[in-house]
Every structure is written in C-alpha cells, then in structure tokens.
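Shown below, as structure tokens, is a lone chain in the form predicted on its own; questions about how it binds or moves come after it.
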Amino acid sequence: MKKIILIMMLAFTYTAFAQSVDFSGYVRNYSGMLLGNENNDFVILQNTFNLNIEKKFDNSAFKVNPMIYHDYSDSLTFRLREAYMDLYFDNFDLRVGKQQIVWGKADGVFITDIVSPKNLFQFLLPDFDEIRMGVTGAKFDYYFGDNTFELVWLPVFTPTNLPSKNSLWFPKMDFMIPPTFDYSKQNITPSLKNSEVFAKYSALTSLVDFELMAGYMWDDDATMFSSLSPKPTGGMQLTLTPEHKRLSLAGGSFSTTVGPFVFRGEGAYYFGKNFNTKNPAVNNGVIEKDYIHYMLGTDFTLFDIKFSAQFIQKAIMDYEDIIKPNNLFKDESNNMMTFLARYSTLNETLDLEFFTYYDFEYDGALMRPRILYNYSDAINLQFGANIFLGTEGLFGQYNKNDMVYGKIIYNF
C-alpha cells in the first residue's frame, strides 16, 4: 500500500510539473529525547515530508497537501491534510474538498476554532497547523464591503485523533474497575442527516474586528457511556461504550488596538455537552450540561520583546457534584492562562521564545522554551524543551514526559 501511495504521489508530481503548478513545502528531521528516565530514551526520531501543490487560474484554483511521516520503527504514515478546489465569483467564493478551517482569536487553545478537529498523536506539541486536521465538505464565503458571511457544510464527520494506547501521550484514565470497551457505536455514517453545519459572520471596522459564529455538530470527543454487569465468576464488569453525541454552540471573538496594546477576546456557549459522572450505574454514567469556554488576552511589545498573555476559563452551567473530575474539569470550572515572550535579534534571524500554559485548578503547567535560527533563507534550526509540572490534570498527567528536542527544516 505504501509503495502505491508513493508511486501515485510521484506520478501526480510529474504531471503537475508539466503544467507549471506551484510547489512548496518542507523536509524536516525531528528528534526528541526524554529527560525523565535513566536512559534518556529518544522517543521522537522522525523524518517528515510536507508538500503543497497549488495552481491558480483566473476564476478557480486547487491545492493538494500530502504529508509523509517516517519514524524510527521504519514505518510510514501518510496524511492527506488538504485536497480542495476553489471557485471564484464576483461576490462569493466556493471551496470544495478536504480543507483546514481556522476560526477565532485565541492562541494555543480551541474555543470557536472547532470546525477542524484535533490530531493529538503528540498531545499539543506539534505546530497548530499540524494539530488541526482537514475536514471534507464545502465552504461558502459571501463578501459585502468589509463584511464576510461564511457557511460550512460537512457531510463526513471527522473525530479527534487520540494517541494509541501504548503512546506516551495517551491520556490517563482512572477507573475503580478495569473496563472493557465496546466500539460498536463509535462511527458516524456519512449522510445528509448526519451532516455538520457551521456559520460565521465577520466584520472589519475602524474600532474593532469581530466574528459571530454558530454550529450544529457532532462532539469531536466521544462520550464514554458505561454499564455494569455481574461476571459469571463473581464481581462486576464495567463496559465503556464510546459514542459521539450531537452538540450545538454559539459564540464569537474580537480584537481591538488601544495605544500599544492589542486586546483580544473569544467565547462560546455549548448546549448539551455530555459529562461522565461518579456513578456508572445511573443513566449510563452520563449527565448533560451546558458549559461556556472563553478567553481574554492582550499583546504588546516592551523593550523589543513581544509579550502575549491570555486567561482562559471553562465553566459548567447548573453544576452538580456528581460530575466526575477529569483532566479538564476538577470542579465546576477550569481556569488556565498562557504566557508568551519572544525576542528577535541578529537581523531577525535568531528568535528566543518562551511559551507556557498554566492550569490553576491542578497547579500544573507546560513550559516550552525554544530557540529558532534561520541558518539561511531555506534552512531553519529549532532547539527547545517541553517541561511538564504537576501531578494531575491536563499537563501534570505527563510529568514524566519532559524532553528536549531539535528540528532541522529545509523549506522549498
């Protein structure tokens, strides 16, 4: 199968060259070493080939973006990130195919940016354009003045891609009884009835840029429905059935400049989110609640250092203490912040960066210092670390996964 994919890519590349198609992309070597064990194991030894194939005409265009990952086990992973066509008209555009859709103003978190699901095969460590997955559907943009109305229709549901169970990044699960899994209800059949629909209105004004959005979607993260049954040998058996449920949301975002400061905000209200409860025997261990997710942030420059700070909160409406704590919700709310400082020097060829998430509820953090150096116009070098603090929560669960890494990227 891998040989067939490579042959198809080469054949397509040759055909595209013959028709003056634009090519860009990168080749990357990425190596990561653990700091939390005696052997300092290399957990990432990865080579990546990313290719953008694009062509623009007077009233149309297309883009194909395949990626190939090769790791130390000598396995190949092929991802078709995007493959779409654009049609341009006087007042509107139409994009059809597999595409990444980016909404919102927040950095490092997904609030209204929920059209494209997440690929969490390496948690939140890859760049966000790599975490974001392509979705298959149609996007319609209508322009009037400085305003845009955007409508997205997705006939094919794409769920969050979780790490494999033997991965360092598989989330920790706490069960009193070792569960078995029933995956019979996990798939969503592509159909008109099962489609997802999103809409966004955005405006650029002299005072503020803002967006209003709404969506009727499937929850990208499956809910774990549970059931208890007696074992023939005695005791109880816990069965978990992952199932994606319908979810509606409405929200918006804004950004405005006041003197040297840029102020940003983003928020969404989710209707009917399923949460697991402490008692798996009641209502299949699930309760439905609304919740809100919002961010307030600012960007500014001081002493030639670019700073960014964000406060992010999730809060469950009509909270009941029967809701089971998890890596995102310890109580009825979860408070988190992000902080970024970046300094450029040597004619902007060398960047020193520090980015961190901090989880107030679990007193956990992910700190990400990084050095980026443009060796040439084509070659970029990156050296950094991922340091996890705490023992619980979204970040503390990975406190043994501290690592240093290096990347060599050749852009073409």
Partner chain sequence: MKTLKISVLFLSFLFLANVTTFAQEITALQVIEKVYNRPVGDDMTSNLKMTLINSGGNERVREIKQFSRDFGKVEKRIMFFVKPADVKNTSFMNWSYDEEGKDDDQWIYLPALKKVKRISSDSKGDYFMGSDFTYDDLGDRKPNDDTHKILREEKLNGEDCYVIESTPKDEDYMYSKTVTWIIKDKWIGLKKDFYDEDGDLLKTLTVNKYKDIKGFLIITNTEMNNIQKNHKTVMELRNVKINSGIPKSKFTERMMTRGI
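Because the structure is predicted, anything quoted here is derived from the model rather than measured. Positions refer to the first chain, counted from 1.
Keep in mind that the form predicted in complex with its partner chain is not shown, yet the notes after this line are about it.
Proximity to its partner chain in the predicted bound form, defined as a heavy atom within 4.5 Å, singles out one entry of Asn380, Thr356, Asn386, Thr48, which is Asn380. This chain is displayed alone, yet in the predicted bound form one of Phe311, Tyr88, Phe271, Tyr216 has a heavy atom within 4.5 Å of its partner chain; that residue is Tyr88. Using a 4.5 Å cut-off to its partner chain in the predicted bound form, each of Glu82, Val102 and Ala106 places a heavy atom inside that distance. Between 271 to 279, 176 to 184, 230 to 238, 138 to 146, the stretch whose residues reach within 4.5 angstroms of its partner chain in the predicted bound form through a non-hydrogen atom is 138 to 146. Using a 4.5 angstroms threshold between heavy atoms, Asn39 stays clear of its partner chain in the predicted bound form. Taking the partner from the other structure, its partner chain in the predicted bound form has no heavy atom within 4.5 Å of any heavy atom of Arg28. Proximity of Arg132 to its partner chain in the predicted bound form: non-hydrogen atoms within 4.5 Å are present. For Thr77, no non-hydrogen atom is located within 4.5 Å of its partner chain in the predicted bound form, even though that partner is not displayed.
Contact residues in stretch 203 to 234 (any heavy atom within 4.5 Å of its partner chain, taken in the predicted bound form) are Leu204, Thr205, Ser206, Leu207, Val208, Asp209.
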